[in-house]
Ligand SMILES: C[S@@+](CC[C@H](N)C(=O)[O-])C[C@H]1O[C@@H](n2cnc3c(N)ncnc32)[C@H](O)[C@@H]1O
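The chain below stands alone, shown as structure tokens; this is the form predicted alone.
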Amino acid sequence: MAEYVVEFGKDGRPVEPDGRLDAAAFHRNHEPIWAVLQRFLAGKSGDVVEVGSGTGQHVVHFARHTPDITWWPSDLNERHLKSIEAWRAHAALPNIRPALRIDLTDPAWCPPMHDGSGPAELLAVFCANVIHIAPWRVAEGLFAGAGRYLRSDGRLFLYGPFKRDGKHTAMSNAVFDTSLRQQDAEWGVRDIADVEKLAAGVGLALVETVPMPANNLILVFGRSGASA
């Protein structure tokens, strides 16, 4: 089942004096996620935005393995933004930019793309464990921005639990989905078909579906007509 429900920093895990938060999910999933990302990113250069970076641990791990790629972490939560910055300072990697405050409900969610302080186009967008704990308009904004900012060979990587053809892929995901909807009626595990419709509306298509541990998936989207 999905791994993020409680806000980082309020989940009972320790907080470092500099504000660094530690997510248990990171220790479970960063290696399987990286195994998928590296197949596309290996040998490439460019800019990648991580949308909803949470603690900031994932972006540090990815940046260590891709010195020729510039990583742009982001979040909306102020506690998370502080943690991302603290992890960035702790890692001292030159290819991680300061954390961006991104609101995915705004389809034009990447301000540096417009004011000249950021990249003109993106090699990739990575988003983990976000769209099931947010209103559907967040997913709509995520795809609108990805459709706008990804370069012609770019990819959107979307990690989390998903339904297939209206059915859960595991009983644990069904239980999790119920708990999410009890917390907020606008939350819930999304169906792949519904996500594909969002992608199609912005010129993107599902090019790969990768099974992940704990009944999660990575959905990989590219420009319509792109191959995996």
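Please read all numbers here as calculations on a predicted model, not as lab measurements. Note that residue numbering follows the sequence shown and begins at 1.
Note that the form predicted in complex with the named molecule isn't included here; everything after this is about it.
Out of the listed residues 113, 89, 130, 144, 130 is the one that sits within 4.5 Å of the named molecule in the model of the complex by at least one heavy atom. Screening 71-79, 117-125, 150-158, 91-99 for residues having heavy atoms within 4.5 Å of the named molecule in the model of the complex returns a single hit, 71-79. Of the heavy atoms in residue 52, some are within 4.5 Å of the named molecule in the model of the complex.
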